[in-house]
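Consider the single chain below, provided in structure tokens and representing the form predicted alone.
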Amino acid sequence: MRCVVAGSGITGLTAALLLARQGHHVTVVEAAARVAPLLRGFCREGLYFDTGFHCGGGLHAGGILRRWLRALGVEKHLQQVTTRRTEVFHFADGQVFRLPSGQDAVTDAVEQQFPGSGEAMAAFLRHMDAELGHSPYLNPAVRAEPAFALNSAGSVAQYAVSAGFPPHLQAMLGTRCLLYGVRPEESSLEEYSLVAGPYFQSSGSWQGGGLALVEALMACLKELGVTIRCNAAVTGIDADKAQGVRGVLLSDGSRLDCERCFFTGHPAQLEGLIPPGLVRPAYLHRINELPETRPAMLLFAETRDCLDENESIYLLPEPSAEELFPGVECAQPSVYLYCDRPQADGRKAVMAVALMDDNGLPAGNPHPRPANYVEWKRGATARLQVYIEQRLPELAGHWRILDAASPLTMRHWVYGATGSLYGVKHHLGAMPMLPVTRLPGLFLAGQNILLPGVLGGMVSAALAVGFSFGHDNVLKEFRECAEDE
């Protein structure tokens, strides 16, 4: 069967690989000039910044992400996989706490820093493991069909309070909600378990990060004869009520015949692509009204003699603060800092992320950028740098900002009206979107459908292919690699 995959991020490349393995004729189309522009990262002054995969959970032997990497055939291409990373939390009241990776280590660290909380932490970890074990796409021992339902176990914040965790520990656990751009009080316990749960088991990366993963996936796709077309945005989906999808129209004026289209972009794009009358207005209204996660300001810097590449740092307000993640507009914003391993010349890439609002920023994605925006970005970058150095004095004079990204940068690379950090917001009480649509032959995948991250993208792709051609066909290698461990 002829299949077109729209988008070449982690979801699109995974979907193409799974489809090609089943013998389908697959073409991947990408609007950008290169495959996986966000996942592959970028360089500034010869320093590589891993925007696609700087850190991931579940990389230990038997971990969920490690199993999917093996099932897809890309694990053998990845070198120097590390599985232990420590998180350091600096609170505005001067308190500093640490959480290692590995469940036993986490429980011990919690008990040492918050005496009497270790047992409750162990119970929390067991609860997350149970949530991770429900889906056949996360647990190879499960043979049932995947289920989708409203979240029902309450919020992360509610659980943390009911468990009796001290305020500082509540805030530390809440920071993992930044992995998908929501606040602890609006994050369901189920989704927290799916995204943050693997990070409690292990946390790390591999040499080359997102770029190495792109190259590994491309090597596998080349072996299977998958066609990749860049500079080819989808401008329309050719379909009718009787036959469903018949092909896709591209920005270069060409048309690709297909019986299946796997769309990995933002769902709000669909209204402009599907012929009128083929899907219900209520469905289009729903996807057009999907809430977005907050935008962010990102700094990209270099250092040589400071920050440990095995640590992630959070700069947080006091635990009694009304908002755990105040943005860059506030006097004391929350900031996440990541320092990568040293590169060949001894330099280390540093990324800093702070959430923000986009009030006052230009609409759309204007080029060239307006002068007032350029001045605002320069000023915001300088203010954020000064604030970080106030909270971490050891950085002053020991790091250099090379570039910055704002919501407009995100609008350029990731479709979304707000330039949000993670696209569609997955929050408590929200009904998840399904990969299956009412248009025969059209399937949705990507972080906007499931959850952010490399693992979320891979599982989203597998789900979409599974709904199209059978779940057992997709899960065959995933289950076999677990049996071989």
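Quick note: we count residues from 1 along the sequence shown, nothing fancier. What you are looking at is a predicted structure, and each value in this text was computed from that prediction instead of being measured.
The discussion below concerns the form predicted in complex with a small molecule, not included here.
The candidate stretches are 379 to 387, 137 to 145, 304 to 312, 259 to 267, and the one lying within 4.5 Å of the small molecule in the predicted complex by heavy atoms is 259 to 267. This chain is displayed alone, yet in the predicted complex one of M433, A31, L47, A430 has a heavy atom within 4.5 Å of the small molecule; that residue is A31.
Site annotation in the predicted complex: the residue of M351, L221, L395, V279 reaching within 4.5 Å of the small molecule with a heavy atom is M351.
When the small molecule is considered in the predicted complex, F443 lies well away from it, no heavy atom lying within 4.5 Å. When contacts are judged by a 4.5 Å heavy atom cut-off, V234 counts as touching the small molecule in the predicted complex.
Of the heavy atoms in T51, some are within 4.5 Å of the small molecule in the predicted complex. Of the heavy atoms in A122, none are within 4.5 Å of the small molecule in the predicted complex.
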